[in-house]
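Single chain ahead, written as structure tokens, the form predicted alone.
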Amino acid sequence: MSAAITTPPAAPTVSRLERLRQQLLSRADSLPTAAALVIFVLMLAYGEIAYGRIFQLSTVSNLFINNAHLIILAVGLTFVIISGGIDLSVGAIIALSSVCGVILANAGWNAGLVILVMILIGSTIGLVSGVLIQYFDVQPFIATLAMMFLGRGLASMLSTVPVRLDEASGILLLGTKIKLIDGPKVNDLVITPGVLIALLVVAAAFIILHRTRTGRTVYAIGGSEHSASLMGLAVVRTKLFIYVASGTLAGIAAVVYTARLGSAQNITGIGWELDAIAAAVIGGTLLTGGFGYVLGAVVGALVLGLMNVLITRDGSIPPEATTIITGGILLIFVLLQRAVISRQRE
């Protein structure tokens, strides 16, 4: 009689719940960005239920048109914060660039040349910040704070009253609305060249940050600048690039904003650097550096923009409450980031 054939016992397998937990932990870094996207969708749903006419093409159009400059600023701050730095000068750059641009345009300068000057103003201030930080070992907070005061002071020296672009200025073409879909009544899908510029900036930044060696170096610097140097990465060149890019994008944002509004003032952009930082953080960029998404910054900017729309629609909430709500949302995402970091260290 043949012996019975026995099979070895099956190796213990990880339960589905444990596998799910491990998968969530492996992707925990993207949790703040996913949370921002969920909040954005919930805000849309709430607005539609409470006020109506939120799920409309016109709402989407206005959201991008009115926040194109903030999207551009948030993308620039994403690079800076991922590297472990900060840039407080971007709001002042917008003030200086826009006032200078309007004055030059009204003096008869070619629109293309004026736009170039506006962008170069931002690039120059960003370069000075980068040099102070890299070669003079000045803390990013102090260096960019000094540039903020410098830019705001120069803008005030140029003009302390609003200055408007001449109606014939070519800069205004960047704010021209282009209808893509002709909807019922005023429910049209429209864009402006300024929105297209913002989308091009997002696409270029995504490629640089997530698909190039420069982008990997930005993340490495944020993780540990000393380790990045030991690995032979171009730390000095990359840090200069980060602040020049932030200043340049602030100059581009000034062009987009000025083209939409048609005027400039020395007090323009006050607090916008904080809005851009908030948008980046809400989008999942860690304030400690080393992690962040370009597309997350876009979601964060849209969350802030939609919040303003809902407050305006409500009518009973004072405008001053916007900053309180923004602070509350930012605090929630900072705490979420802390929870994610603590979980990963376990």
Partner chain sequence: MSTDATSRTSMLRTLLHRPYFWGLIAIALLLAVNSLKDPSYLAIGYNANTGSLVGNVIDILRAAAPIAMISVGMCLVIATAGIDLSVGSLMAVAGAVSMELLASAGGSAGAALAALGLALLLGAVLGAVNAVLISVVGLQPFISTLVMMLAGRGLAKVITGGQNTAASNETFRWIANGYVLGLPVVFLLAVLIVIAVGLLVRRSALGLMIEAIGMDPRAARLAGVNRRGLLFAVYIASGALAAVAGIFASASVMTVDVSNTGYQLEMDAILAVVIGGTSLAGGKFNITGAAIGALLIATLDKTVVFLGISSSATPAFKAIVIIALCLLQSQRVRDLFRARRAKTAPVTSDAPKEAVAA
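Only a predicted model underlies this, so the values are computations on that prediction, with no experimental measurement involved. Numbering follows the first chain given and starts at 1.
The form predicted in complex with its partner chain exists for this protein as well; it is not shown, and the discussion that follows is about that form.
**Contact assignment for its partner chain in the predicted complex, among L150, L120, L196, V163, heavy atom within 4.5 Å** = Checked against the cut-off, the match is L150.
**Prompt:** Of the options A111, L145, A205, V244, which one has a non-hydrogen atom that comes within 4.5 Å of its partner chain in the predicted complex?
**Reply:** Looking at the other structure, the residue within range turns out to be L145.
**Item:** Region of this chain that lies against its partner chain in the predicted complex, out of 280-288, 57-65, 294-302, 34-42 [heavy atom, 4.5 Å]
**Value:** Going through the listed ranges, the match is 280-288.
**Item:** N266: touches its partner chain in the predicted complex, heavy atom cutoff 4.5 angstroms
**Value:** Contact check for N266: yes, within 4.5 Å of its partner chain in the predicted complex.
**L261, heavy atom within 4.5 angstroms of its partner chain in the predicted complex** = L261: no, not in contact with its partner chain in the predicted complex.
**its partner chain contact in the predicted complex: M157, any heavy atom under 4.5 Å** = Contact check for M157: yes, within 4.5 Å of its partner chain in the predicted complex.
**Prompt:** Is the gap between L132 and its partner chain in the predicted complex 4.5 Å or less for some heavy atom pair?
**Reply:** Taking the distances in the predicted complex, the answer for L132 is yes, it comes within 4.5 Å of its partner chain.
**Asked** in the predicted complex, do Q139, I270 and L330 all reach within 4.5 Å of its partner chain through at least one heavy atom apiece?
**Response** Every residue of the spot touches its partner chain in the predicted complex.
**Request:** Check each residue of 41-59 against its partner chain in the predicted complex and list those with a heavy atom within 4.5 Å, in sequence order.
**Result:** Residues within 4.5 Å: none in this stretch.
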